[in-house]
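Shown below, as structure tokens, is a lone chain in the form predicted alone; questions about how it binds or moves come after it.
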């Protein structure tokens, strides 16, 4: 897909809530505002999520003795964010199928 086709394809998600996985492991969640010819994506009302450190993962597992212990990701509100197109690894959005029902879709 060339840049023009990718930009056109991305434009259908303007106003939708997206999760964008970046090449450095961060995930950004927010409402898509726009894109450009380089497939940069601007999100508003955005949060940044970072995976916990290995120590933060190890501790709850050791304390509980359960290898599937819950570990929360670190998050912070960033407001408006530009995710460079070259760093986008995966895009997810939520599509309402019925009132009150949501299903996650991976693109």
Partner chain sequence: MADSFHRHSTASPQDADAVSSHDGAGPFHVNITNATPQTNLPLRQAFRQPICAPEPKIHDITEKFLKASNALEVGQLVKDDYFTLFESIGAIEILDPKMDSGFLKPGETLEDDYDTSRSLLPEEIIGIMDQLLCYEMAWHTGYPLSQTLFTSVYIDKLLWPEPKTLEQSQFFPNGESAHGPSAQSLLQVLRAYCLALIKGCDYVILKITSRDYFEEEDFCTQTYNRVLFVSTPMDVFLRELDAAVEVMEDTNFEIKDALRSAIISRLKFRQDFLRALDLDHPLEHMSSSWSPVLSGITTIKATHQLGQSVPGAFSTKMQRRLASTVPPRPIVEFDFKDALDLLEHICVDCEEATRFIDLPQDPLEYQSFLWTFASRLPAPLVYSRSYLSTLMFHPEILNTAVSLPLADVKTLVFPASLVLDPINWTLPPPRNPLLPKPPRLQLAMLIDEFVDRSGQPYLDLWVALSQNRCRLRRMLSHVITAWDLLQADASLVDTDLASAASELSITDQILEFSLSTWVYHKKLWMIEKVILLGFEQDIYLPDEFSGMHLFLSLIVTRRRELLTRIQTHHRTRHTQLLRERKLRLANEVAEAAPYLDSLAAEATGTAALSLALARFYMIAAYCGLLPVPKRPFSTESLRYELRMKPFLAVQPPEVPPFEDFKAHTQPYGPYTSPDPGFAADLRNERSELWAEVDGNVKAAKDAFTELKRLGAGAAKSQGVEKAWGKEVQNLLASCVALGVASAGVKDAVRKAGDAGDPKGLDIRAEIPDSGAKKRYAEGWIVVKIVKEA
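Residue numbers count along the first chain shown, from 1. Computed from a predicted structure; not experimentally measured. Take the two forms, superpose them, and find the largest set of C-alpha atoms that agree within 1.5 Å; that set is the rigid core.
Although it is not shown, the form predicted together with the partner chain is what the next lines describe.
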Residue 64 near the partner chain in the model of the complex, any heavy atom under 4.5 Å?
no
Since the partner is left out here, which residues of 64-79 would have a heavy atom within 4.5 Å of the partner chain in the model of the complex?
67, 68, 69, 70, 71, 72, 73, 74, 75, 76, 77, 78, 79
Please determine whether the C-alpha atom of residue 11 is displaced by 2 Å or more between the shown form and the other one following superposition on the rigid core.
yes
